[in-house]
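Structure 1 and structure 2 below are the same protein chain in two forms, each given by itself as structure tokens.
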Structure 1
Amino acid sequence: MPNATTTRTGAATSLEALPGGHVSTNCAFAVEFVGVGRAFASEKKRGARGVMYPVLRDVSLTVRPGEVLAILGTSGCGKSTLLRIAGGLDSPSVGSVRIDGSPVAGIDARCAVGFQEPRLLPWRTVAANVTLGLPAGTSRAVGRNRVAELLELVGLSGFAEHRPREISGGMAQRASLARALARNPGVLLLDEPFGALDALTKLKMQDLLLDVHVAAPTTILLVTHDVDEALQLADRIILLGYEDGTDKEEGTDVADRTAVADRTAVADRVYGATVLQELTVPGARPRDRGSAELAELRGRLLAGLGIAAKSTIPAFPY
């Protein structure tokens, strides 16, 4: 097996042998969810049999290679759980996930994860933190060049030797993104990566992510609560939620609440969040944030999240 390959931007980097014979490459991979469901065991009470609490059910979709898919939904509907399942950090109770046509079984090194917090090691420099993302076996010279390339890509070349305490929150998030890209992932999993940033920094980071995707067009699954962020970044948006007649908190059919008051029948029922809407976002990126077409989609998504649209424009004549 060769020990090096060429990155999207031309620099060489090592290949990494992965469990199941997979190799870390620079390709953007398709991700396929087939009938994915996930349930967690609830705490047992004395004298009661175990009950499964369903979080996700019957999630089936395909993310195309190089596509940016945004996952929207209310808190607790399983967005992060779905992301963890995609990366092999969790396993579905039913169904399966495939990346590039082969199943996800355990932590999958074809994926990289970006979190809401930068999670940089405070005693290491920015460059040394990014180095942690390099594939195992990368030579020192190749790694040094790759890290320098990534720091330039995210605009941190001048801060390579700074410690995390010496840079801003937005800069730390950029370093975290560079670390995730260091392994040349076929799939980049982003779990509310800009959620902790102020509004202006968030907009700048959204623009940066678009620039990064042009330079390194990997497949991206983006979990967010921000409808405008999803419309600005994604090719396609899915809305996770609960179909009419189901109750998120209990995971049971509202009409049948009395029939399962003792919760013993819940394990045999199929509830949980699923894909309620799937929208293709029109227009090439970067998009006009003031677009009327995006405003119409924003209204549909907000309605799906349970937020009634209210016009702020006075009726004519004024």
Structure 2
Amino acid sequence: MPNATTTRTGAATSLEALPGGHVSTNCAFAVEFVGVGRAFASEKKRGARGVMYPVLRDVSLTVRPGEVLAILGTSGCGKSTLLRIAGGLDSPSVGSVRIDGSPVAGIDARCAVGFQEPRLLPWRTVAANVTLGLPAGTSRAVGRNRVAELLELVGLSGFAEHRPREISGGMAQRASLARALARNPGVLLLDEPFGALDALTKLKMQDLLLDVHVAAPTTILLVTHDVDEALQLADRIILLGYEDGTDKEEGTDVADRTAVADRTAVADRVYGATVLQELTVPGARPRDRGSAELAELRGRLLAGLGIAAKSTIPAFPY
């Protein structure tokens, strides 16, 4: 597991690809999670001493500048929570997050978030919504050009003056991606950005994200529940889930608890999810979606997701 004490990693990465690129504004940052844990207060039992439900525990991870990291995990295991912590929208109960060596405290201007939902302001046009993503201090003319470029990129040029309610959900999600890109972020946090898209648009948008990354290699943390998406886009994949056998390590009486409820369910609630697997995806992008090497990894990841849910390795009908 990468350790927390990684030295300050340089900001100006790989813009060599763009001669004369604005290194000062266009950079990728390292993101370090140091023993991050997050527990939420339970809503039911408000009395006594306020029961806390751990969602994440002991997440330690270093994302290199310009790296694309996919975060896989079953629904509700804390993927969004981890992403929100990285962006400063939520703060960890224990541990800390550092971006480019400096700790994240509150909403971080170096990050841009593509939320799981489009979250467009309904009273603004698509273009005006994307404008909201521009970094503070962008001049009007520059901003207008940039927004036009981004809308073109996500294929919404013709819908710039439409209201969010006048476009489809998939288009709204793309507008939301454009808004995050407008920020010119050092770290791009994407929470299931393509989940709502139809299969073909999804493939197209995945390729588009790769193009964006080639043009300006920012650090990308991509939450997804789609194993194939992770394999296609990421340099590295982490699998979040609940560790087996944490019960025994803690020395508690497993038999008693399994009598009451499903064993993993108890473990989930008591201990929270952490990084179960971490694997580097071989091969340069764009990758052949049908390659045998990826198929092997896919099997492993799916099994990992399966264990998290059922404690056995199911056969996946893929």
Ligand SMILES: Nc1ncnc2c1ncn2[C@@H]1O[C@H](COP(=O)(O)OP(=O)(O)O)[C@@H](O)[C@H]1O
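On a predicted model such as this, the values are computed, not experimentally measured, just so you know. Definition used throughout: the rigid core is the maximal C-alpha set that superposes within 1.5 Å between two forms. For residue numbers, the reference is structure 1: its sequence is counted from 1.
Only structure 2 is derived from the form predicted in complex with the ligand. Two rigid parts move between structures 1 and 2, and the turn of the smaller against the larger, rounded to whole degrees, is 14°.
With both forms fitted on their core, the C-alpha atom of residue 149 sits 3.9 Å from where it sits in the other form; this compares the forms between structures 1 and 2.
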